[in-house]
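A lone chain, given as structure tokens: the form predicted on its own.
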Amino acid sequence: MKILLLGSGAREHAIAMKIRESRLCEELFISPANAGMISEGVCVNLGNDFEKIKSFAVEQGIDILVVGNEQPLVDGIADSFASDEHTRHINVIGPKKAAAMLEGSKDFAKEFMFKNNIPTARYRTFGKEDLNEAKQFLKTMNPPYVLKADGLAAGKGVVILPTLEEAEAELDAMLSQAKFGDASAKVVIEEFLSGIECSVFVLTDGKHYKILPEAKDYKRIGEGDTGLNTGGMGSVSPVVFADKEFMQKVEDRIIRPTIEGLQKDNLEYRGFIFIGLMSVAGEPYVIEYNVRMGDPETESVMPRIESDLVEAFDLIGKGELDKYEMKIKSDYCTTVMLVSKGYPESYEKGKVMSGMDLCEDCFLFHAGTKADEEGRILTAGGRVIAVTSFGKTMQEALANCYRQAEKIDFEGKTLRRDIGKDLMNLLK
């Protein structure tokens, strides 16, 4: 089969690796890719123009389109392929636009959860015209205060604030001053849930589903979960508290009702569902849905999947995912992200990277990298490269991540050295 993968981050690099392992993969094209993906497939840059992507897919005889990130899905790329007689035969791994609203609109997702009795935090949604009412609602909540931009905000639209004064000021910035542009035209104010987070991933053909390995990621830039939110500084899989009993609750109370709710509302969904969870005293609550895999969780999840991922994609297209046998490696898999100095705020690009060739017993998933005319690898983003390792224990896996991370060098290299520390404390 010929496969086209859209994306350029470490998430897509990890997915590309799994696709290339498949006996079913004849040729893999990646757009727009990064410097690390050159060894995985043919790198092209098709941009965001759906017509250009479709033309390329037809010319190359693409069988499967895998959409790595959320924006094309929210913009309706699956609908565009399905409505065109030249591309409707192509198996698109990603939901239709209406279903992608699970990530495209926080308000839509919360309404979906309440309608389907899926456990989640109490909330209300407000627009600019409701600012005074929103401030009154804030006063009915207990601190800290959770504010979420309704639309896509590149992972930066969720703010948690300790005082009512700060929450009111942030509400003004989001609604009145369009802090996140159109994404914060509406704001969801949500009850704060106290617990420990975990990410659960599901593959579905819209009717059947398979549960992938769970993971925990680390969003804050600073150790001890301090500082600004990022796209993710590291991840661990499996998650020690997500035992058989907890995951059974997740399946019964969240996964199954989610799939049934999509069917009930005639929302066409084929692909990955990311479920961001909070374990509150051992009970799972949904924080958010994403309509694609998480990053950097994917870098810890994909290596643990022993079965053929392309086979799963093929069965999704046929509506026969129930025939797929998901095999998962029992070892721990951990990821440490190396980022540019200054990230997630302003940072410099174009720093020469070295030492990748010295790394061993690990996966290097490129995030923000590019090659120059001399063949050198340069930094090209805030998150630069993910170092992923296996281990019989979490400690062993993380120790090797950090050993290999030391070998990689670029000006301003920054990383968190406490990935997994909270989970290790649970093991004591």
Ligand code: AMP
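Here the structure is a predicted model, which means the values were calculated and not measured. All residue numbers refer to positions in the sequence shown, first residue = 1.
The following text describes the form predicted in complex with adenosine monophosphate, which does not appear among the structures shown.
Note on the partner interface in the model of the complex: the residue among L138, M278, I254, L321 having a heavy atom within 4.5 angstroms of adenosine monophosphate is M278.
Contact with adenosine monophosphate in the model of the complex, judged by any heavy atom within 4.5 Å, is made by just one of L193, M326, V74, A185: L193.
Picking from 142 to 150, 85 to 93, 344 to 352, 240 to 248 the stretch near adenosine monophosphate in the model of the complex, with a 4.5 Å limit on heavy atoms, gives 142 to 150.
Using a 4.5 angstroms limit between non-hydrogen atoms, I287 touches adenosine monophosphate in the model of the complex. Although the partner is absent here, L164 lies well away from adenosine monophosphate in the model of the complex, with no heavy atom inside 4.5 Å.
Contact check for E197: a heavy atom falls within 4.5 Å of adenosine monophosphate in the model of the complex. At a distance threshold of 4.5 angstroms between non-hydrogen atoms, K207 is out of contact with adenosine monophosphate in the model of the complex. Of the residues in 94 to 124, those that come within 4.5 Å of adenosine monophosphate in the model of the complex through at least one heavy atom are, in sequence order, K106, A121.
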